[in-house]
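The chain below stands alone and is given as structure tokens, in the form predicted alone.
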């Protein structure tokens, strides 16, 4: 299931000016690839990720996944798309602070209609898969930054997504912990064939972990490498 992006445009108004966040961008993200999107702040990286994730709508252009144009889906169809096709990892983790690690993952499963014992079993298995089998009952403020991000990765995997979107997943972490999270993402990509699109400002790391590198400037692709 390749992701085909065709002539994607997204603009924002700033006073009387129109700012192109994504500017006639076209690319193909191969099924099972690890794609890194790099560029300076304001280059359009996060906007592109939000468009692919169905969190925002483009002004024009197409995002074709599994034969569907995400840009043309209605609100209900977008909700189904986000539940069944994509998982999203945020830089700021976005966990519910009064819920334990397991409860945070369980909530995503609940939204997909999984109930009772199956929900508990799957949430436990997901947390074990990211190395947190002994931290199920800990609240986010009882976890390290790296552990908190692992919870958010487990939560993003709860709906068995085909595409995992990661927005600066190591932006709030130290270098050692960042390396561990990158290794985890690489393992998920290689072992499960999960397609990953990661936004990062760190080009050096991006070149190491990815097999598809997209560099943006002013919302357009200025460099693209596939290996």
Partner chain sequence: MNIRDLIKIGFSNLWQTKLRSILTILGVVIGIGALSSMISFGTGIQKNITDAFKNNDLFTSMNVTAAKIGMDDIQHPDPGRIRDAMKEKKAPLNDSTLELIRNVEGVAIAHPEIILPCKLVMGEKNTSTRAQALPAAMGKYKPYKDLMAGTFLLSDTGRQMVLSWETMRRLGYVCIDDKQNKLSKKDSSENRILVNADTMIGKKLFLVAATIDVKKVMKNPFAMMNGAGEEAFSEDSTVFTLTGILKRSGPFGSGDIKGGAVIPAKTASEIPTLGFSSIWDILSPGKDENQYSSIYVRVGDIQEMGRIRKEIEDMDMHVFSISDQLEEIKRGFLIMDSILGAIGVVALLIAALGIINTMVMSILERTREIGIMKAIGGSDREIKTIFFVEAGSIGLIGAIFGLLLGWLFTRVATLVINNYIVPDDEVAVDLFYFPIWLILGAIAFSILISLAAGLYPAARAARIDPVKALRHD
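Numbering follows the first chain given and starts at 1. As the structure is a computational prediction, the values presented were derived from the model and not from experiment.
There is another form of the same protein, the form predicted together with the partner chain; it is not shown, and what comes next is about it.
Student: Can you pick the stretch from 179-187, 26-34, 193-201, 54-62 whose heavy atoms fall within 4.5 Å of the partner chain in the model of the complex?
Tutor: In the other structure, the partner sits against 54-62.
Student: Sort through 143, 88, 71, 132 and report the residue having a heavy atom within 4.5 Å of the partner chain in the model of the complex.
Tutor: Looking at 143, 88, 71, 132 one by one, just 88 meets the 4.5 Å heavy-atom criterion.
Student: Would residue 108 show up as a contact with the partner chain in the model of the complex if we use heavy atoms at 4.5 Å?
Tutor: Yes, residue 108 sits close enough to the partner chain in the model of the complex that at least one of its heavy atoms falls within 4.5 Å.
Student: Looking in the model of the complex, any heavy atom of residue 153 within 4.5 Å of the partner chain?
Tutor: Because no heavy atom of residue 153 falls inside 4.5 Å of the partner chain in the model of the complex, the answer is no.
Student: Heavy atoms within 4.5 Å of the partner chain in the model of the complex: does residue 125 have any?
Tutor: Contact check for residue 125: no, nothing within 4.5 Å of the partner chain in the model of the complex.
Student: Do residue 95 and the partner chain come within 4.5 Å of each other in the model of the complex, heavy atoms counted?
Tutor: It does: once the partner chain is placed as it appears in the model of the complex, residue 95 has a heavy atom within 4.5 Å of it.
Student: Pull the contact list for 63-90: residues with a heavy atom within 4.5 Å of the partner chain in the model of the complex, in sequence order.
Tutor: 75, 79, 82, 83, 88, 90, in sequence order.
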